[in-house]
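Only one chain comes next, encoded as structure tokens, the form predicted alone.
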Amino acid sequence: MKAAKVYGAKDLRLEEVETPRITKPADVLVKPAYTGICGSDVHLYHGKNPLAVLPRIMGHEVAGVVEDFGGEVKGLSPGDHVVIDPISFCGKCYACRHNMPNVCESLLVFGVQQDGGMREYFTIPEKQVLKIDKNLPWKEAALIEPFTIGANAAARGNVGIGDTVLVEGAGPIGIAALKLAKIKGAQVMVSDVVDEKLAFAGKQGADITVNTAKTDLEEAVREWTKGEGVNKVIDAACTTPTIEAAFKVVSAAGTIVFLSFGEEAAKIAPLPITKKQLTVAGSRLQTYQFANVIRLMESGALRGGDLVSHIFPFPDIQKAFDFIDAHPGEVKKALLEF
């Protein structure tokens, strides 16, 4: 079978490797149908993912079919459609005991510290395999994992009915956060510097959009919220300016949620945090969000819309990464088709 492995910055090799087989009784053999290319995969390909261990088969946004399984697997049948929860955790450390296995001290992530789904077959423990309705289109199923990231950000922000929410960044994760915040009953402003992305966010349910390259964000927030400030900020742009802006536009008693893995320091004064009694939260991956997102997807309450903009055959994976590098403004979500 073929597998795509990154050995170093821009060193991606499509290799012929042995097809895996079931060796552990709780494992499942999965054949991907689609694997999404995440922004973190692009960073890994460029050698800029500080958490990745190389060489590595990337890919954690996977929807596929059950091919085989070990003797201890009880909840699956051959041919079932499934998605993959990419996190593996110990269940015993402080984070796990406090229902945050996504930051387990022994965390391993499929496609980052473990080989992922950019290959024609893989085995994975049953506990990381979630069955989905076969009627759910594959292109929608492939978006379940990124939507769990948006769901986790909304949960970390305690987004609720009537909240005003600013989502900074109209990329795939920003759109996911927008959709989950709307489902929770919030009003949502989306900011970005690309008009086309903002137009797409408007079609996906944003109540208002702001191009911060053309309009002052603080002024736009003041006008929209009648001077109160937004109750919640979800920073899906993950830049130093968006981090710093969050503290300026959030309301008293508000919450800011960061998704950035950036290592560059941002200049933040403690005064607004204390004066407004803010809650500042990080959001990494997801915690127990798959069941909810799958239910929303299967019911039709959550859909990807036109978020999938490009599909590449798996053998053309190098072309896919080259295209994303050359045309970042054109790509919303790219998928590899098996």
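Treat the numbers as computed from the prediction; the structure is a model and nothing was measured. Start at 1 and count along the sequence shown; that's the residue number.
In what follows, reference is made to the form predicted together with a small molecule, a form of this protein that is not presented.
Chemist: Please tell me whether any heavy atom belonging to Gly157 falls inside 4.5 Å of a heavy atom of the small molecule, as the geometry stands in the predicted complex.
Modeler: Outside the cut-off, so no.
Chemist: Are any of the heavy atoms in Val193 no more than 4.5 Å from a heavy atom of the small molecule in the predicted complex?
Modeler: Val193: yes, in contact with the small molecule in the predicted complex.
Chemist: Using 4.5 Å between non-hydrogen atoms, is Thr239 touching the small molecule in the predicted complex?
Modeler: Close contact exists here: in the predicted complex, Thr239 approaches the small molecule to within 4.5 Å, heavy atoms only.
Chemist: With the cut-off set at 4.5 Å between non-hydrogen atoms, does Gly174 touch the small molecule in the predicted complex?
Modeler: Taking the distances in the predicted complex, the answer for Gly174 is yes, it comes within 4.5 Å of the small molecule.
Chemist: Which one, Leu285, Leu29, Val42, Ile294, lies within 4.5 Å of the small molecule in the predicted complex by heavy atoms?
Modeler: Looking at Leu285, Leu29, Val42, Ile294 one by one, just Leu285 meets the 4.5 Å heavy-atom criterion.
Chemist: Of Lys197, Lys139, His81, Lys182, which one comes within 4.5 Å of the small molecule in the predicted complex, counting heavy atoms only?
Modeler: After the contact test, the surviving option is Lys197.
Chemist: Within 4.5 Å of the small molecule in the predicted complex, counting heavy atoms only, one of 93-101, 157-165, 231-239, 123-131 shows up; tell me which.
Modeler: Within 4.5 Å of the partner lies stretch 231-239.
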